[in-house]
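Before any questions on how it binds or moves, here is one chain, the form predicted alone, in structure tokens.
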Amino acid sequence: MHYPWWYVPFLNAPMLIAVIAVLHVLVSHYAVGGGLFLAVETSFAYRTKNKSYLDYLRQHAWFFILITVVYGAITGVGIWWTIGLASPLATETLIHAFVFGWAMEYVFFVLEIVSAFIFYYYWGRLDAKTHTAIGWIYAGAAWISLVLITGITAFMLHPGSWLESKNFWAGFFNPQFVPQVFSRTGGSFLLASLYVYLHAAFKVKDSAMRDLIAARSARPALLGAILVVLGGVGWFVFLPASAKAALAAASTLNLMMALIFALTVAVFALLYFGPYRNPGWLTPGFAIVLFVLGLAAFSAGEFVREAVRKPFIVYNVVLGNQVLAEEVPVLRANGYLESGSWMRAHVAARFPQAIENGKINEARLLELPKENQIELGEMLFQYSCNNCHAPKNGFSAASHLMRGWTTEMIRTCSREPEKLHFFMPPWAGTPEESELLTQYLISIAPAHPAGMYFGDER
């Protein structure tokens, strides 16, 4: 609320977060599962004295570092950069609530980076026991990082008893923690096998070696798929009531849930009848299909997981319009424009006639010329609505959603959006400010499409 708004044309800022986050998550899970794969398989290769397999694992370790450490680190920083700009209040809330958790995560992240580079760059220079130990150190640190991040992101969907106690551990061990640890651990196993299959299908020419890789990674992939399903069921069971209602009310989310189910079944069947029962099926085409289906299922799951929080960014704490839930009554009494230093300064500089005794006189705002009211209404839209809606064109554009609405329908939506759609944040401002927003929305609302029949008119 007290931060300036970062405007991203067409896509809008939260969708930019979603794009970067999904691209990162698809690799960060491989960083966990792939680390376990390298630790287990390197131990196996040393134990069986399989030099050919060790040579392949060294190739895969280079691929692994390029994808997870280089690309993963860039997108990880990108997430922090975008959430700091697009959701500053939610970011601030998570930092303050989990300072200890973030500190622990950074320690294990550094341990991951150091051990990953030692594991690869000292390959052949360390004895087998030490080399294997470094691999296990990486795998353990990566999984602990996953657990720490999962506790914080799960908190965003269901803070649990933290709302009363504000205790770190109460927030971390929230109702969503265990289900999401299950699903993310399973997702790490599954995605790691899909990355391994994709890499091996193109890099390994010897059919016996390719069959060995396919067979060795089949069981972890199947176990991962099972854990994802178990975690998904637990995720649904422990959803807050309003999140379940949002899931049931949104047709897009229902389609996504059906897609997740269908893709998961398809991936499980391909894994079982392919690498598990018939390792020789591992060809480049098969690996690509399996990889694409797995990434599509995972991406759809991430989309649904994020979408059901509405109207909150942090459930029951930070609303989607970057307002603390507890602030809404104060903003309704004092005014949204008056309560934010950025907006108050803008109004004072642009419309000094609306200032009285150093404060905004709300009644005078409605005495401004119509074009000035629309200007202020547009600013209120950016702060109150742009988290989910582009204005005229773009993602979930407000203008298209209001096509053909009457003035009273628009005014009702401005005053009580949560009554029009329960997954929209409540209006956090005065009635006068609501009227300013109404004037802006009227100015961008298109008429009914030509040629449609309404009442006695054609």
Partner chain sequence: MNPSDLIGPSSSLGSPAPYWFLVFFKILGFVLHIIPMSLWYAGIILALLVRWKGGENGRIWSGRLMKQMPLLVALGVNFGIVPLLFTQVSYYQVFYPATILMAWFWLSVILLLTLAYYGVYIYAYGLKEGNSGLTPFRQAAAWIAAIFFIVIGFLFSNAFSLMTNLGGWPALAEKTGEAGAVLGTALNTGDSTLWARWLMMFGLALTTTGAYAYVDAGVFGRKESEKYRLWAGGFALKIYTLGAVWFALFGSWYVFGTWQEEVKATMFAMPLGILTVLTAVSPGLVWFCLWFFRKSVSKRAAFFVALTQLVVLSLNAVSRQIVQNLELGKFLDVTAEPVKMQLSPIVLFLLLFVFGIGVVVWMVRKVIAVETRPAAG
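A quick note: this is a predicted structure, and the numbers were derived from the prediction, not measured. Numbering follows the first chain given and starts at 1.
Just so it is clear, the following notes concern the form predicted in complex with the partner chain, a form of the same protein that is not shown.
Heavy atoms of no residue among Gly151, Tyr336 and Asn361 are located within 4.5 Å of the partner chain in the model of the complex. Proximity of Arg344 to the partner chain in the model of the complex: non-hydrogen atoms within 4.5 Å are present. Remark: Glu378 counts among the residues lining the partner chain in the model of the complex, judged by a heavy atom distance of 4.5 Å or less. In the model of the complex, Ser145 stays away from the partner chain, with no heavy atom inside 4.5 Å. Proximity of Gly274 to the partner chain in the model of the complex: non-hydrogen atoms within 4.5 Å are absent; the residue sits far from the partner. Comparing 104 to 112, 297 to 305, 282 to 290, 211 to 219 against the partner chain in the model of the complex, the single stretch with non-hydrogen atoms within 4.5 angstroms of it is 104 to 112.
For the options Leu230, Ile95, Val330, Ala249, the one in contact with the partner chain in the model of the complex, meaning a heavy atom within 4.5 Å, is Ile95.
Among Ala245, Val99, Leu366, Val237, the residue placing a heavy atom within 4.5 Å of the partner chain in the model of the complex is Val99.
Taking the partner chain as positioned in the model of the complex, the residues of 61 to 88 that bring a heavy atom within 4.5 Å of it are, in sequence order, Trp62, Ile65, Leu66, Ile67, Val69, Val70, Tyr71, Ile74, Val77, Gly78, Trp80, Trp81, Thr82, Gly84, Leu85, Pro88.
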